[in-house]
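Quick setup: one chain, the form predicted on its own, written in structure tokens, and binding and motion questions come after.
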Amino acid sequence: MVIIMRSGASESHISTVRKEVEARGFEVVENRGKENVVVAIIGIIDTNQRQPLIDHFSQMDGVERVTPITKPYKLTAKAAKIQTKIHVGDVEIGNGRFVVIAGPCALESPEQLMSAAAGVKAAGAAMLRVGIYKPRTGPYAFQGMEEEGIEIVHGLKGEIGLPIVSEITRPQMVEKMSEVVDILQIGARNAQNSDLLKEVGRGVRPVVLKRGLSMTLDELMQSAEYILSEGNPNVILCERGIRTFETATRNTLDLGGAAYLKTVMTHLPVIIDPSHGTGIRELIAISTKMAVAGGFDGLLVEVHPKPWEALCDGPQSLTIEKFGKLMSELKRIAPVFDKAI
């Protein structure tokens, strides 16, 4: 059960509600969005208690409504309606816009970074993605520039001119990475790393949370709940393909599951990663157009100045030229689906 406070409810009203919940023997998790404060009641509520509790809290000063949520995720559920818009600088995610985040899978050099940043910015991308740390399947694959990469991004941030999205792999990295990047990404391998989820939940940066390789939608929601329950409402969910029996593509891009996630399960923004979702450069454009038509909130796509020389994921990376052509096409079709890029 969640108690949604009115916009502008006073701290006194919020405190009174919290104390009333605790006085009845329940735990409280409070989450503050830009529009509402939500007080989640954590604990087993007997069926006979439910309606009396709804009636009681609905009449308290400052309360907009009380919503029963039986799922283990209270704050991420669509019924909670805590946060549907996320602001990163001048970029707004989750309010009718289709936000494109583009850039190389991995940082390889200052020159490569600046070339990619200039290219995707000129084409109309709203944010730059770049991998500083790269968790890989095998220990001998390129793992990213790591500490050196942080220094490179920090030194060039002012010249890049776009908000930066980059993956984080360990709880100990949250503070340092938050000084350099604007959005922290949690990749598929760490999507159920509860220590990392809690730590980014205590942080100040928005989080892109990718769906794990074999993760159900319910499990993805519970991972997001870890972050929101620690106080960070700024979570963007990302469908990046799941592992199935099909071998024609790198992963199976689950657009149906992502649509169910967005329309039925959650109020959080949902974006699509067709690069990992398919693993095939030639399938990125059509997957992206389906994402626009499906009403999703954005795109996370890999773009490299020279994909044939990329140290990781070259076959699923667009050239800057192909990315520019894709963006031109998206700008023409987005208005048909009431989206703006």
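From 1 onward, residues are counted along the sequence shown. Think of the rigid core as the biggest set of C-alphas that the two forms share within 1.5 Å after superposition. Because the structure is a prediction, the values reported are computed rather than measured.
Only in words, not in the display: the form predicted in complex with another copy of the chain, which the text now covers.
Undergrad: Does His154 reach another copy of the chain in the predicted complex if we count a contact as any heavy atom within 4.5 Å?
TA: It does not: once another copy of the chain is placed as it appears in the predicted complex, His154 has no heavy atom within 4.5 Å of it.
Undergrad: Answer yes if any heavy atom of Val100 is within 4.5 Å of a heavy atom of another copy of the chain in the predicted complex; otherwise answer no.
TA: Flag for Val100 set to no.
Undergrad: Find out whether any non-hydrogen atom of Glu147 is located within 4.5 angstroms of another copy of the chain in the predicted complex, and reply yes or no.
TA: Close contact is absent here: in the predicted complex, Glu147 is far from another copy of the chain, nothing within 4.5 Å, heavy atoms only.
Undergrad: So in the predicted complex, is another copy of the chain close enough to Lys176 to count as touching (4.5 Å, heavy atoms)?
TA: No.
Undergrad: Just one of 155-163, 100-108, 115-123, 246-254 has residues with a heavy atom within 4.5 Å of another copy of the chain in the predicted complex, so point it out.
TA: Of the stretches listed, the one contacting the partner is 246-254.
Undergrad: Scan 166-183 and write down, in order along the chain, each residue with a heavy atom lying within 4.5 Å of another copy of the chain in the predicted complex.
TA: Stretch hits, in order: Thr169, Arg170, Gln172.
Undergrad: So, does His13 move by 2 Å or more at the CA between the shown form and the other one, with the core held fixed?
TA: It does, since the His13 C-alpha is displaced 2 Å or more between the shown form and the other one after the core fit.
Undergrad: Aligned on the rigid core, do the two forms place the Cα of Glu22 2 Å or more apart, comparing between the shown form and the other one?
TA: Comparing forms between the shown form and the other one, the Glu22 CA shifts at least 2 Å.
Undergrad: Between Lys19 and His267, does the Cα distance in the predicted complex come out closer or farther than in this form, changing by 3 Å or more?
TA: Those two alpha carbons end up closer in the predicted complex.
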